[in-house]
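Single chain ahead, by itself, as structure tokens, in the form predicted alone.
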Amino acid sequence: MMTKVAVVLSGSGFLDGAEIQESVITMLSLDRAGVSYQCMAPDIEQLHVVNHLTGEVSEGERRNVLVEAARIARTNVIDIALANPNEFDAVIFPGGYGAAKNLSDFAVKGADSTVQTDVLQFARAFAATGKPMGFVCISPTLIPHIYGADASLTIGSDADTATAINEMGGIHVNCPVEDFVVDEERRIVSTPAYMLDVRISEAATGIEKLVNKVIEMTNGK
């Protein structure tokens, strides 16, 4: 039976949704490995909409996270509230500020953040199966909410974000863009990607390694 991975998106566009390059690299890496995937996102309104040309918030504009995620998914994308964790062998969260604005409120509340209800319910249920999860860029800030205290993870080397993660009970490990951190006990893999100021090829190397490690872990290695 073919391995199937859930890819959790948070909109479309790195300033207010899923980082498009990270998301596409994740899906491409899965496909190249012969692994099927299902994109999903919460059916909720975004925190806000950002004009990616100017970097400014577009006052009065509203967008839906699931609708925007469909722009990246290209294929069928489902509401995470309807997803069955038992149907997947692994889960990967690409980054982008949407992970910290829509999937959680980390961008606003930092160490006092919470995770969106449907996302948290799915992620905790999946974590309980003992199967692996991968987290890219800023999305590792979700890990302490999902797994509790003492999970090892990385967002690269940003001191402020690392401090917030440690305050939340996580154990931050500095990591270069082309590498990843593994919490073997909890079966978690994380990589910095665009949390660091890097080229797309450098981000791709780390993401591809993460994807391959997650697939390896689905095979019991």
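Owing to the predicted nature of the structure, the values given are computational and were not obtained by experimental measurement. Residue indices: 1-based, along the sequence shown.
We do not show the form predicted in complex with another copy of the chain, though everything after this point is about it.
Asker: For the interface check, one of 149 to 157, 181 to 189, 52 to 60, 168 to 176 should have non-hydrogen atoms within 4.5 Å of another copy of the chain in the predicted complex; which one?
Answerer: Contact-bearing stretch, as computed: 52 to 60.
Asker: So in the predicted complex, is another copy of the chain close enough to residue 21 to count as touching (4.5 Å, heavy atoms)?
Answerer: Contact check for residue 21: yes, within 4.5 Å of another copy of the chain in the predicted complex.
Asker: Give a yes or no for residue 72: in the predicted complex, does one of its heavy atoms lie within 4.5 Å of a heavy atom belonging to another copy of the chain?
Answerer: Output for residue 72 is yes: heavy atoms within 4.5 Å of another copy of the chain.
Asker: Although the partner isn't part of this model, could you tell me whether residue 25 comes within 4.5 Å of another copy of the chain in the predicted complex, counting any heavy atom of the residue?
Answerer: Result yes; residue 25 sits at the interface with another copy of the chain in the predicted complex.
Asker: Any chance residue 77 has a heavy atom within 4.5 Å of another copy of the chain in the predicted complex?
Answerer: Close contact exists here: in the predicted complex, residue 77 approaches another copy of the chain to within 4.5 Å, heavy atoms only.
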